[in-house]
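Take a look at this one chain, the form predicted on its own, written out in structure tokens.
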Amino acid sequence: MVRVRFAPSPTGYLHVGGARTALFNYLFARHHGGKFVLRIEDTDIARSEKVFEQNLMETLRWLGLNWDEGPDIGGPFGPYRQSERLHIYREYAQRLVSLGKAYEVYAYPEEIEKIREQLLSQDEAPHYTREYFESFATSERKREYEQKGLKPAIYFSMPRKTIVHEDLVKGTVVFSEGSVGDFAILRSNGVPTYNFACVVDDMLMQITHVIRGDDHLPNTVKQLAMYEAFGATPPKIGHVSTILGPDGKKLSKRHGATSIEEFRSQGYLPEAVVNYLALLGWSSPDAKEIMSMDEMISKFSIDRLSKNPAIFDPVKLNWMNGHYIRTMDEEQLIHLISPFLNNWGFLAKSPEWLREVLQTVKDRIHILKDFQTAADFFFIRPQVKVSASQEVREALIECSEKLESSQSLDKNYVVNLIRSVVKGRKVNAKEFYTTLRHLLTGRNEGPELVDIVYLLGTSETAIRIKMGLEE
């Protein structure tokens, strides 16, 4: 059975790249009827926070990426937080020591740093070997460690040979002999390093495939060597392309929002975000772009993942989100936009009225936050003054008086009333309608005027005309 995992560190919000990695793993697992595992890699004690862990899980659920095993629901290979697995890492580190594949290091951090500086000063790569640390393993140093209650760090003895990796995305990758030196797998405080914990967890959790960002490619040679040392078969690994901004540089804050939480707060829909993320480095065999989760699951395959960097295009994301907004069920859309209305202080006259306002401006909205600027004049009276010719001013006053005294607000009646005033007064139609729009909305473009008058109501329309025309 296919078993994949998403293993975030709870040190911040879920980044676009992390969300895409989670999505690709989820789609692959569901396509093959396998298991999607959530593992929390929280061994960075200084930076890991429980609030980030909860936020990560909430965001994944918001995207619809529900896991089969994880820290909150358990599973047959738990625990699923690395901080709860420290005893396991100690056991497996000692196993490597007993096999002669790893060794204890009694050097203090400053002594290790001195070795590194010495190697660099000799124009050598800072690759450690067992020999560099042997002089520290004296009986006196061991006794000193024992008296201080310290434990030696454990380093993995990197084999001196070429390692070939058959990547699911990039193809054959060759790591030449000596490209990596020995490295720590267990710190003196008992906390494992990333590469070691990753291998032990993937091995014990029976992970069959690993799909991750290509920034992890340098870690692969270390991990493959450790699998070999344990006599274990490594999972099949694929490294997906980097996500770049529109300027061709690595996606970062300078390009705008980069975390899923930011997109959510701005009013992007989870369906649109997931759909767009799927297309960052993957393409459907039929070149279709708008797809449901079920469609993506049925069509997903690793061999359609691109080796080339993906370009994050906010314009396309906005277009896609706008499509989902326009095709969404109106009741669901009202439910989603209601929290935004509360934050803006927008009070709807009724659910039916709000529904009609949404229908009027929906084509102008790409994200829910756009509703604030697209429809604010329906909720808040604009403070405007206009300068218009005397003829247009008189026509507008007549129009407001007729609307105010009218008992009907049928759209056809409104159209005919306004047209009759313009025709009867023989005013410049363009000036009249432009001025009327500005009086009612405070802007020069927007929905159809008849829809604006209808939704504002005759009384409010008349008030806005008179207020805006006051000297």
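In this text, all values refer to a predicted model and were calculated from it rather than measured experimentally. All residue numbers refer to positions in the sequence shown, first residue = 1.
Just so it is clear, the following notes concern the form predicted in complex with ligand GLU, a form of the same protein that is not shown.
Please determine whether each residue of Glu262, Asn321 and His366 possesses a non-hydrogen atom within 4.5 angstroms of ligand GLU in the predicted complex.
No, because Glu262, Asn321 and His366 lack any heavy atom that approaches ligand GLU to within 4.5 Å in the predicted complex.
In the predicted complex, segment of 353-361, 209-217, 304-312, 370-378 with a heavy atom within 4.5 Å of ligand GLU
Selected stretch: 209-217.
4.5 angstroms heavy atom contact with ligand GLU in the predicted complex for Ala107
So Ala107 does not count as contacting ligand GLU.
Distance check, Ala7 to ligand GLU in the predicted complex, heavy atom within 4.5 Å:
Looking in the predicted complex, residue contacts with ligand GLU include Ala7, since a heavy atom lies within 4.5 Å.
Quick one: does Glu69 come within 4.5 Å of ligand GLU in the predicted complex, counting heavy atoms only?
No, Glu69 is distant from the partner.
Check Tyr194 for me: does it contact ligand GLU in the predicted complex (non-hydrogen atoms, 4.5 angstroms)?
It does: once ligand GLU is placed as it appears in the predicted complex, Tyr194 has a heavy atom within 4.5 Å of it.
The unique member of Ala272, Ala93, Ala225, Cys198 whose heavy atoms fall within 4.5 Å of ligand GLU in the predicted complex:
Exactly one residue meets the criterion: Cys198.
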